[in-house]
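First comes one chain, alone, set out as structure tokens in the form predicted alone.
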């Protein structure tokens, strides 16, 4: 599940015996909620072709300029247009609100020539001034942008060349710029709406130029979109409107995973993602439903190994952990084999992924034991736990509850116990608590993964001064490669650099990859034209058709 950086901090939970009665109560509450929501939502009626779409996370905020959750993009990718898009099949950049663009020879500026005749949902004309107003908002420190600001890289300002031409200036070349501009976090909002509401209240009154407009947002309850019948400027991959196109989409929240399949089967919702793998297996045989397995680019589900403290500061120790982990068994048991094994710091569908990492660290517990013995670990007191200089080999593993991380951690705990490593598991409730652990450095392994089509996502994790350098790596040569990879526009050069980067990360055993993320989506068999954008999370609602 996509994490939410705005969640409230709460105390961590040590994994122990599960409260069966509490789980049963929660499941019963979920079932009752599904039954209460049960409607004939997919029927055509006064609202035309209408569906209910389940969201799996209720973010702490829905303003894409300010907040970070991938979940907010599920509705809002169809509310906003972006200057450019990535084509969902080819991954190439295609026109959005900009009909064309060009990079200066020195890479320090990009000029965007904008489409004319575009209007926002509130009637405000779209032009270069509107783009400038959005850039001003994102760059305003008072906004507290969690993601959008970072997508602009070394942005140094803009110039309005004429009413439909804007030039973005950079302090240094930045190859990932177009990818950043293609994401919902840099969707172009109506400057009239931005001026009419405060930074905190705009999220409930959002206005874009996209194929759907916000009809209603009821915090904690629902988001309702209706089709923008004036929309005539979409990207090439948007389908034309037909009599089966969706007139209205209502989004409801299903944060408890077991309730999602129940809601699908009951007809309370017509589509939802992040189904449990076990539920997906059962739903496959239901002729009223269909399953979409969408691989997600970015980083895999993984654990960073803390190199700032012993024993993680020893390369041989870190390598031993990777050899001691039976990832195949974990993927089969927890994810029912519906996700590929992860081998490196990028998923296999991410551009510039190096398949050479798959040759590293096959499961070999005997080799892991040999590495540990080589650095002085033995079971001197015959208690089943290795020790060195009288200190037992005890590790702390910290993770959040997303995507069955508890099950993954418990299997790793069992596997490592077999070779003499004792692991304490600490589950935290949310991203802020996870980040607090990372800031304090009070862990041996910590889990975090994120999603991006751009391989430059590695910079924040593996640069010495990276915002989320949770392994604590400090490697000047790696820093140089990471910087060069975002400065050069040459794709062949970038591929060579990222291959070297991935090899170095795995050689140093900075991360324990588990599985490449695959989003398991369930939908009514009546939904046709189901397709997701290039980043994998966000559906192209414009293309959905509701058949009879």
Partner chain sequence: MSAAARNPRLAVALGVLGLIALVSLGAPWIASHDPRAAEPENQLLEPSGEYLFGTDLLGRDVFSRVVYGGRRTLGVALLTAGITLAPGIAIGLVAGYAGRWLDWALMSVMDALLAFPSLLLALALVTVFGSGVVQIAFAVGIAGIPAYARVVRAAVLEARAVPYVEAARAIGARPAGILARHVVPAIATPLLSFAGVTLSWAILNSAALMFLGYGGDVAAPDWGVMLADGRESFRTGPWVAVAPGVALSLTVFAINLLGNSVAPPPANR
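Just so it is clear, the model here is predicted, and its values are computed rather than measured. Numbering follows the first chain given and starts at 1.
The protein also exists as the form predicted in complex with its partner chain; that form is not presented, and the subsequent description refers to it.
Just one of 135, 241, 262, 170 has a heavy atom within 4.5 Å of its partner chain in the predicted bound form. Which one? Checked against the cut-off, the match is 262.
Which one of 247, 127, 422, 256 is close to its partner chain in the predicted bound form, taking close to mean a heavy atom within 4.5 Å? Selected option: 256.
Heavy atom to heavy atom, is residue 399 within 4.5 Å of its partner chain in the predicted bound form? Looking in the predicted bound form, residue contacts with its partner chain include residue 399, since a heavy atom lies within 4.5 Å.
Classify residue 282 as contacting or not contacting its partner chain in the predicted bound form by the rule of any non-hydrogen atom within 4.5 angstroms, answering yes or no. Yes, contact at 4.5 Å.
Whether residue 477 contacts its partner chain in the predicted bound form should be assessed with a 4.5 Å heavy atom distance threshold; does it? No, residue 477 sits far enough from its partner chain in the predicted bound form that none of its heavy atoms falls within 4.5 Å.
Is there a heavy atom of residue 226 lying 4.5 Å or less from a heavy atom of its partner chain in the predicted bound form? No, no contact at 4.5 Å.
Heavy atoms within 4.5 Å of its partner chain in the predicted bound form: which stretch among 217-225, 195-203, 311-319, 328-336? Stretch with heavy atoms near the partner: 328-336.
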